[in-house]
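A lone chain, given as C-alpha cells: the form predicted alone.
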Amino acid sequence: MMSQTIKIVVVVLALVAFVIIVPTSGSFVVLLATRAMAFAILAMSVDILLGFTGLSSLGQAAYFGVGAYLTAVLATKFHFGLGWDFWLVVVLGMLIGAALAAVFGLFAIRAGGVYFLMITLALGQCVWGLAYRWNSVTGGDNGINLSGRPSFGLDLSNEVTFFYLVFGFFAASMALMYVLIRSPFGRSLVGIRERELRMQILGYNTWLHKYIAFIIAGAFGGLSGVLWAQTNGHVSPETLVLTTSVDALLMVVLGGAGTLIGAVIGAAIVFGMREYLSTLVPWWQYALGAVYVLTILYLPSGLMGVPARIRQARANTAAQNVVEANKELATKT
C-alpha cells in the first residue's frame, strides 16, 4: 500500500513539474507537449485493452478518427463547438467513440489472440476507407481545416492557455482510468488477462467484461480525437491510418503495458524523437525503430519494468553472495 502511495505521489509531482516547466520552454515545446498529451489519452485507452484485459487492438485509430472528424465537421459546417458548446462536442466525441466501439465490439470480442487483432485491423480500415471516400462530409484526401479554436471566456488561440486545457483533460482521463483499473471491475479485467477460463469458472461473464472495457477504450479514443483535431487544426484520412493504431500500441509496449503511466512515457518518447530528433538528423526513423527493437528484446515489460529488473538483479547478486559466503565458511570448517 505504501509503495502504491509513493508511486502516486511521484506521478503527481512529475505532472506538477511538467505543467510548470513546459509553458516557459518556448512555443515549439508547448505545442509538442500538447500534441503528446492529446495522443497519450489514446495510448492509455489502448493500455486498458492490452495491459489490463489482454486484448491487442489495431483498430483504436477508428475511434480517434471519428472523434476528430466529428469536431471538424461540426465546427466547419455548423459552427458548432466554437464557443461554450465545445464541452458538448467533447461529450459527443466520447459518445460517438463509445457507440462505434459498441458496434465493433460485437464482432471483435467474439475472437481472441491474433484473430482479434486482425478483426480490429479490418474494422479500423473500413472507417479509414469511409473517410477517404465520403468526400462530401470528410473532404476526402484534402481533409478538413478548422478555422480556429473555441472561445468561451478563454483565449484558446493562445498555445499556453490551450496547453492547460488539454492538460486538464489529460490529467482527468488518467485519474478516471486509474480509478477504473483499481476498482473491482478493473481487477476482474486483470483476472481475465491472466486466466480467462478460471474467471469463467468463478462465475464471471468474461465476454461482457471485455465488451465493456472495449467500449470504455473507444470513449477515451473519441475524446483523444476531439482534442487532437483542435490541437492539429486539420483532420484527414491520415488521422485514421493503421500507423496511428500501431503508434499507440508501440507507445504502450515501450513504456510498459499494464501501468497507464507507461503509455504516457511511451507517448512522450515517441513524440520527442519524432518531432524533435527529426529536426536534427535525417535518420531519426532508424533511431526510433532501434528503440522499439531493443525494448522488445531486452525490456519486454517496457521502461516501467526497469526498476523491477534492477531489484531482481540486486536480489540475485545478494543471494549469490550468500551462497559463496556459505561455501567459503564450509571450506574453512
Partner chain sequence: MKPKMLTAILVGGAIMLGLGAGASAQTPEVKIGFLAPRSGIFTQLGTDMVDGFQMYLDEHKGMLGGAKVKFIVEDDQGKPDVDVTKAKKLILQDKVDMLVGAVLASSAYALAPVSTAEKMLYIGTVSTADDLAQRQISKYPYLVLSGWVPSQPNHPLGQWACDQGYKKIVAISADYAFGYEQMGGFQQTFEDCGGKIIQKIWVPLGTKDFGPYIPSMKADADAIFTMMVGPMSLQFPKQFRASGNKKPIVGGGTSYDEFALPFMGDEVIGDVSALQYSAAIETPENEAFVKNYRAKYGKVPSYYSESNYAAAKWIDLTLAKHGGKYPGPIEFINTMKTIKINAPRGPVSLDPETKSPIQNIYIKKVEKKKMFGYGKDELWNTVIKTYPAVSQFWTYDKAKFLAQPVYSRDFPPCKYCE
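Numbering follows the first chain given and starts at 1. Bear in mind the structure is a predicted one, so any value in this text is a computation, not a measurement.
Beyond the structure shown, there is the form predicted in complex with the partner chain, which is absent from this document and is the topic of what follows.
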**Q.** Contact check for Tyr178, Thr206 and Tyr211 against the partner chain in the model of the complex, heavy atom at 4.5 Å
**A.** no
Q | Of Ser173, Thr239, Thr259, Thr138, the one that lies within 4.5 Å of the partner chain in the model of the complex (heavy atoms) | A | Thr239
(Q) Tell me which stretch of 138-146, 211-219, 118-126, 86-94 has a heavy atom within 4.5 angstroms of the partner chain in the model of the complex. (A) 138-146
Q: Please run the contact check for Trp228 against the partner chain in the model of the complex: heavy atoms, 4.5 angstroms, yes or no?
A: yes
Q) Would Asn232 show up as a contact with the partner chain in the model of the complex if we use heavy atoms at 4.5 Å? A) yes
Q | 4.5 Å heavy atom contact, Arg133 to the partner chain in the model of the complex | A | yes
Q. Does the partner chain get within 4.5 angstroms of any non-hydrogen atom of Ala290 in the model of the complex?
A. yes
Q. Listed by sequence position, which residues of 175-190 have a non-hydrogen atom within 4.5 angstroms of the partner chain in the model of the complex?
A. none
